[in-house]
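The form predicted alone is given below as one chain in structure tokens.
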Amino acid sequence: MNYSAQQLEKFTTDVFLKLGFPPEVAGIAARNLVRADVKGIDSHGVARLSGFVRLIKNGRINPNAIPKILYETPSTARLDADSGIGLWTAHHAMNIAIEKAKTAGSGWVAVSNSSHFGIAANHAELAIKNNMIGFVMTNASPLVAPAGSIEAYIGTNPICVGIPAGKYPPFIADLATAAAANGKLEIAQRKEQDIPTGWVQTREGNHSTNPNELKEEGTLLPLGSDVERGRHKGYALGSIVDILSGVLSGANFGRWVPPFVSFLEPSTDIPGKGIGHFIGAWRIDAFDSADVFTSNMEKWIEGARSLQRSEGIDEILIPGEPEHRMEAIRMKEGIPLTEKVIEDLKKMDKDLGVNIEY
């Protein structure tokens, strides 16, 4: 069944309002969650709303959070998010980075005491709208085994860079540093499908196609999957994200990053707080004329698209282009939700007294 973006955004906003969020925070958080579905990233959209609701009810997310800057310079800040919802906290942090970039050329914000922030691209787009380059990272609960290990230590830890591209849709590279995001496993579970070899390993360290492997003490693999395909590179990238998002900010890091599921309690044996993000904005004209950059960025895209294609490939796509195209389709035709997700939303409808069928 298909739902419009407006319908899902209103429903999600109403859910957050019922749970005590201020209207502005509820609206921004809802929009950032639904935009994942709009872009075709169904693993990070309203399918995760029930998880957020459980964390809020469990006291792990503070609806009335008041983020506080603990330390800052003209171009940097360290922000304590006060256990706020990451869907809004990262938006707030990017706005701080943008304001610093307006005067200092670039702005950087290290965030602690936050929670899951949805897809990184949403926050990078804020910088793009200000004709800046956006840079967004977050650490996540430990599901990924470092290269050569059978124990999880780092998260899927995405990196996103968003770049204005003139007359073309912006270049947005938003990628997990694991072979696959956990949400891809959740989609396969709902559809009762196997996953590709190279995404996960068993607790003994063997490859598996079972989407439920993490429930049986298996782990996700780093980007690259194995020695021959460069798993050390994915491990290194994920570690960089964890260090900048967690160690630098004062958030939890490594195996101590709190889980998204509400039934597992966060670790209390280290001084870090919550999930961490590392967010930045570069002003393009701090390096060169914005017009020169835009012209060259357009040429870069045209050059990539003109390359000779592999057999069976119709076109060379630019990072962010598939999501841009999906957005055009789903804004017109609506967002398809699985029966399991619809069932979850209707349970919230019943529990909280909000109506998805307005």
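For every residue, the number given is its place in the sequence shown, counted from 1. Because the structure is predicted, anything quoted here is derived from the model rather than measured. Only the largest set of C-alpha atoms that superpose within 1.5 Å between the two forms is called the rigid core.
The next section is about a form of this same protein that is not shown, the form predicted together with another copy of the chain.
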Within a 4.5 Å heavy atom cut-off, is residue 58 in contact with another copy of the chain in the model of the complex?
no
Partner proximity in the model of the complex: residue 197 to another copy of the chain, non-hydrogen atom cutoff 4.5 Å:
yes
So, residue 190 and another copy of the chain: in the model of the complex, are they within 4.5 Å at any heavy atom pair?
no
I'd like to check something about residue 224: if you look in the model of the complex, is any of its heavy atoms closer than or equal to 4.5 Å to a heavy atom of another copy of the chain?
yes
If contact means any heavy atom within 4.5 Å, which of 59-67, 37-45, 328-336, 286-294 contacts another copy of the chain in the model of the complex?
286-294
Site check 1, 49 and 95: each within 4.5 Å of another copy of the chain in the model of the complex by heavy atom:
no
Can you work out which of 259, 183, 166, 105 has a heavy atom no more than 4.5 Å from another copy of the chain in the model of the complex?
105
Which residues from 234-257 come close to another copy of the chain in the model of the complex, meaning a heavy atom within 4.5 Å?
235, 236, 237, 239, 240, 242, 243, 244, 247, 248, 253, 254, 255, 256
After a rigid core superposition, would you say the CA of residue 76 moves by 2 angstroms or more between this form and the one not shown, or not?
no
Please say whether, between this form and the one not shown, the C-alpha of residue 95 moves by 2 Å or more once the core is aligned.
no
